[in-house]
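The chain below stands alone and is given in structure tokens; this is the form predicted alone.
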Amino acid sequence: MQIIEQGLGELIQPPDLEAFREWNRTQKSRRLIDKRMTEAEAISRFVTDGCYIGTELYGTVRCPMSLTREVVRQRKKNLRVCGQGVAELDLWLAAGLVKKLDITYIGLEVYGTSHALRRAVESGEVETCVEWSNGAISWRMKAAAMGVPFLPVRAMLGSDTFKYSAAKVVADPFTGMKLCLLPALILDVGLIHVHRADCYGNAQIDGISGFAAEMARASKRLIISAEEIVPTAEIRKSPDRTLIPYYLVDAVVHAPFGSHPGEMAYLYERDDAVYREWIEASKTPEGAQAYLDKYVYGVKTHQEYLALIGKERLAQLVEQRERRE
């Protein structure tokens, strides 16, 4: 195919599909084994300095916050990060963990743009920032899941998003039409928060599924945090809802309110008070550090974090969700 133009961005994680296939054959067990562990155990075991790591879903919705805070707590360094999140990636940026970033959008929703992102990029702490559309990131993971080196799309053509990406434009050999080629994206580690899972890692999500299916299949290592750990018999009652099968999962973490201060569909609302506290704090490096000291470094576990938030406040978030329904 004739390459007509290409983006200026760095391909942060060049895909090696054959190596990924070999990894899945040799490193992913098909045995039904209990994979339950704590956040600290999962992050210590599977997240390494410099790894290419991704989080799943958008904004503050179903974000894997208990896992995110543990990554900060363990002070992982020089991370190459892919994601469309806000709450979790903002913490990593403020903590100085991110070296390179495949970015779609990191903002604070109705509260404006990310202060932590601006500081990290403008200071040069984030060395590389490559742009993609939301769809493009998901399709890149789908390419990896399909075992192909790229997917052809018509998205991003004629936009500055393409200009600052690592995609290429080619002439379709059948019609001559311009197509954008999105390179496959293979994560070293993926973090996904779900509604329920069994001890083996069979996971189900209620409501918007985002790109969980694609990320799960594009990750060498996959850590699942779940609001509820249920018996396998419960999962088997509705097997069509099992978006992530056990053999893709390396760790299962029980994390009630694991998305807090984000929201969880049908379970609890976003905690705007704590979220606004972060937004105000993150306006300055000193404020961001104070927030991290209080909500991350100052608590040793997710359970201690929930105790800090308080049972009464968490119950209010559940009640708010119930009233909306």
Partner chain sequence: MTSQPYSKTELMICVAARLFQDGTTAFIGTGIPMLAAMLAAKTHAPGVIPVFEFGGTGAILDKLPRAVGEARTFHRAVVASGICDTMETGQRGFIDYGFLGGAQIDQYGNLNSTTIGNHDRPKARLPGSGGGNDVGSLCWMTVAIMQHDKRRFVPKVDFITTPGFLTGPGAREAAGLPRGSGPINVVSTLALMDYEPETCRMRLVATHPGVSVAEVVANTGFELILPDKVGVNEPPSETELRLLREEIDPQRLYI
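Fair warning: this is a prediction, and the values are worked out from it, not measured in the lab. Numbering follows the first chain given and starts at 1.
This next part talks about the form predicted in complex with its partner chain, which is not shown.
Every residue of the trio 122, 133 and 154 has some heavy atom no more than 4.5 Å from its partner chain in the model of the complex.
Per the 4.5 Å heavy atom criterion, its partner chain in the model of the complex is contacted by stretch 107 to 115, the sole one of 232 to 240, 107 to 115, 217 to 225, 251 to 259. Just one of 98, 189, 71, 103 comes within 4.5 Å of its partner chain in the model of the complex, counting any heavy atom, and that one is 103. In terms of contact with its partner chain in the model of the complex, the residue from 52, 46, 295, 58 that brings a heavy atom within 4.5 Å is 58. In the model of the complex, its partner chain lies within 4.5 Å of some heavy atom of residue 210. With a 4.5 Å cutoff on heavy atoms, residue 139 counts as touching its partner chain in the model of the complex. When contacts are judged by a 4.5 Å heavy atom cut-off, residue 164 counts as touching its partner chain in the model of the complex. Within this chain, residue 158 lines the site of its partner chain in the model of the complex, having a heavy atom no more than 4.5 Å away. Within 4.5 angstroms of its partner chain in the model of the complex, the stretch 252 to 270 places a non-hydrogen atom from each of 263, 265, 266, 269, 270, taken in sequence order.
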